[in-house]
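In the form predicted on its own, a lone chain appears below as structure tokens.
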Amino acid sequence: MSLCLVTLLLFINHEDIQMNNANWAMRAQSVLPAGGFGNFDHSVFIKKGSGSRVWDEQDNEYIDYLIGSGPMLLGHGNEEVIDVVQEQISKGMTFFANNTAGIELAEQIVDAVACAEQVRFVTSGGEADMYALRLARAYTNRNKIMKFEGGYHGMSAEAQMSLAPSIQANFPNAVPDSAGIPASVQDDMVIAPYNDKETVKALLDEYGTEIAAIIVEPLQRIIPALPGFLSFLREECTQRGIVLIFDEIVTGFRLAYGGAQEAYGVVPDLCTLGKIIGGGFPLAAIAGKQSIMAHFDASVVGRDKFLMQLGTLSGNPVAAKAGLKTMEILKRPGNYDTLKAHGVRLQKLFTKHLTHHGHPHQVVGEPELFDVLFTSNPVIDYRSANQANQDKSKRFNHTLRTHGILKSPSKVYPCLALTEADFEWTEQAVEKAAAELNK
């Protein structure tokens, strides 16, 4: 075949790919509001993943630091996970009844997570957070919820208060982040600044007898708790009869096998888990003290205190099998050390090249989950994080993607599948992106 013909065929193939992507975008726009699922950049269409990499519909290859927004900690297409999933699929995909895989998964969670005496499965993290708040209200017979400005806890009405407020309201006033939420929800929310003991203490002194729960991400998005802050919350909740909820949808089985509770040494009353425990399939859970979880059992608490919960796919056996195998692999010796080492290496290469090219910045978070913020000021809460140069972050992330790095706009998720070639590719991309920020 002549060189001219090869060139022509490659050109035609490239044009076909471009047209195919535009066609999918048009089709999405006609049937999906805003042309997407409400998650990641709607212009990106991922068609496959393998190990640490993904490919889009235009056959662009990326090192994947998005990893499905966190679940794919082993990487894509892990053979051991696929084997157990295929075995279960051949036996049945869902039953709306108890199954042994779900019970085994619950046993493993109870064994691993300090606060977990019992477990109730749901399908999504947001659903788990919603039920955790409802449990706390049933248990305490109180209505108010304290959450922290900028904390993400799903899509319920309570969670959509002061998640990403466009105005800086005075604490404890809640700012709704979504239309369609009754104004009455605001009255039951107490919003506090993360990492601020004095303000939290003052708000608890004022509203403490009305507060059912404090819900907190022990690593808020990427912002670590200051020393003593989580233990302060634990002490205050114990003294005031408030349920402490750790939202560990992200941190569970990521910061350590026992999650943030193990990593930070503070045990809540309830926690919510997701992402990793489903091995890439839709599965989440509420876990906690038996005395609180008993409100899922009418025979124990009576009809008046019973919290109804059901879901068509709750405890799905395929997801449970995938989660069990994922957790088994994570528990093997050395895997958490490897994950942490990967994260430390990535943090260092970001710092190396951004510093070399003269960009004031901070790497914020833990090695297992972090991002770069372009600011010289301390980042301890939502407002200080929001003061970072957002435009610079957008340009940096965009340039990284053009050089084959796929990441969230606000997070870097390392995974165990990363290879030496991935680190070399990543370093080249970061160096180029850092240099291009000066243009």
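Note that this is a predicted model, so its numbers are computed, not measured. Position 1 is the first residue in the sequence shown; the rest follow in order.
The same protein has a further form, the form predicted in complex with a small molecule, not shown here; the description that follows concerns it.
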Counting any non-hydrogen atom inside 4.5 Å, which residue from G280, P172, G154, P317 sits next to the small molecule in the model of the complex? G154
Exactly one of H398, K392, R383, K411 has a non-hydrogen atom within 4.5 Å of the small molecule in the model of the complex; which residue is it? K411
Could you tell me which of 353-361, 191-199, 88-96, 247-255 sits within 4.5 Å of the small molecule in the model of the complex, going by non-hydrogen atoms? 247-255
Would you classify K275 as touching the small molecule in the model of the complex, given a 4.5 Å non-hydrogen atom cut-off? yes
Does any heavy atom of S124 come within 4.5 Å of a heavy atom of the small molecule in the model of the complex? yes
K331 within 4.5 Å of the small molecule in the model of the complex, heavy atoms: no
Does E236 make contact with the small molecule in the model of the complex, using a 4.5 Å heavy atom cut-off? no
4.5 Å heavy atom contact with the small molecule in the model of the complex for all of K348, D422 and E427: no
